[in-house]
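Below, in structure tokens: the form predicted alone, a single chain.
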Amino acid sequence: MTSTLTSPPPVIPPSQHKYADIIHRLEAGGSMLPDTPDNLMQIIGIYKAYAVPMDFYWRDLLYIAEQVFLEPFPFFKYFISQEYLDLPNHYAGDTADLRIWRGEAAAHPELLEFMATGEVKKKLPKLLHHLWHDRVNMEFAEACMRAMLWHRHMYAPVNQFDAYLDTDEYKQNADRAIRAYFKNNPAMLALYKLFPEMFYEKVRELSYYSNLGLFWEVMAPVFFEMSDIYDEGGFKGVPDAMNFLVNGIFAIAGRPIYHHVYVDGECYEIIPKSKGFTWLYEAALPYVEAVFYRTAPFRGTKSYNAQAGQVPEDQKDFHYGILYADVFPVGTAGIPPTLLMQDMLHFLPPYLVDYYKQHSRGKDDALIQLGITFQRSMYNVTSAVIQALRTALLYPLDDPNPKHRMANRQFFEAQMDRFLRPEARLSDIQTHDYR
């Protein structure tokens, strides 16, 4: 008599959700992005291309928040000082608090080379590169910061950073920095006396400059290290890349988020480190919510009829982030994602350059293809965030308790509900034909 091998019954019944296959993949420890060699190659290549301009973004964001501060006419805020180019990244180099990337702590060599010669490959005066727009597009970084600022009330009650910006303590700290900054400018002090709330709101914006700068200071070495691991053959699939992000999220979850201003060499702590605000709750999650999901309609790409309901009445219903973006019309001059695509185009690894030559309509199509790759990669980052939240709030994926498995299921289904909107690109990224 022969025995027949049968699979054990599932702990819980299959999901009936529209995205049941993706939910089951998440329950098995996977990503929303399918696990294929092509997808792995694309996302790691784009992480590398993103990390180089990001190495400028975080440095300049901190430079603006800490040094430029309330300069009435900040014409040269993108002309970062050598001090900030040399500023050691806390997560790279020999002096790292936690060494995520094995590379150097100062600005990346590819970034420095591009800053010196630009696309024209000539060492021209910095002002000429700037006026010709042959430079890193900090406008993209500022657009992300403004999205976080505009959606800032969406983060309560988890996020305490935002609530602190409206406290008397914050205003007192800001007041000391404002008065020190304008101590030799009676006109601005008089204006401050007349319109204090206007100045406080500007300082709040600068606090979000610092918030985003400190967030990206972590992400740049994470992406650099992922690129190095891939080059060494260390990632076997998309879940490996996602899990590296999950582990990174927990490793640096507690890094302080603060805002310091330096006036004549003296530090003014507008948001002190002692407040205990942390990277995960006060920077990473707000960034994902504001930039990946929400943002705002991109001006100049489409006319919206508010009376016809084409613009949501409630801010919480905004859904214009990269997870929903139609990359084709967005690929227009001056649109924030396209500014990022243009930045990334300068730093693509050779294997991704060759891939676009094979699968696009040539150089004119490169930004569109790059944008779609970036969209795929951000679905993988979002998967890492979802898995990290599930780990922190719920149960292990292999938990034998059916009630615990069902709690995980309900969590994953709630996350997938956000992609039921027709604008979501979750279905598109399941196929290689989405180009």
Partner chain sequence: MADIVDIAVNTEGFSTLVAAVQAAGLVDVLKSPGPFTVFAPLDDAFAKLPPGTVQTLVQNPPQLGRILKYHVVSGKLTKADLEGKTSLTSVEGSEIRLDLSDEFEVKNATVVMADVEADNGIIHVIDNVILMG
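From a predicted model like this one, the values you see are computed outputs, not experimental measurements. Positions refer to the first chain, counted from 1.
In what follows, reference is made to the form predicted together with its partner chain, a form of this protein that is not presented.
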| item | value |
| --- | --- |
| Distance check, His404 to its partner chain in the predicted bound form, heavy atom within 4.5 Å | yes |
| 4.5 Å heavy atom contact, Phe250 and its partner chain in the predicted bound form | yes |
| Partner proximity in the predicted bound form: Met41 to its partner chain, non-hydrogen atom cutoff 4.5 Å | no |
| Exercise: Phe277 in contact with its partner chain in the predicted bound form, heavy atom 4.5 Å | yes |
| Option touching its partner chain, based on a heavy atom within 4.5 Å in the predicted bound form, out of Pro256, Gly93, Gly237, Pro349 | Pro256 |
| In the predicted bound form, the one of Glu139, Asp166, Glu201, Asp97 near its partner chain [non-hydrogen atom within 4.5 angstroms] | Asp97 |
| Site check Glu282, Ala392 and Tyr395: each within 4.5 Å of its partner chain in the predicted bound form by heavy atom | yes |
| Contact stretch among 173 to 181, 127 to 135, 76 to 84, 269 to 277 - heavy atom within 4.5 Å of its partner chain in the predicted bound form | 269 to 277 |
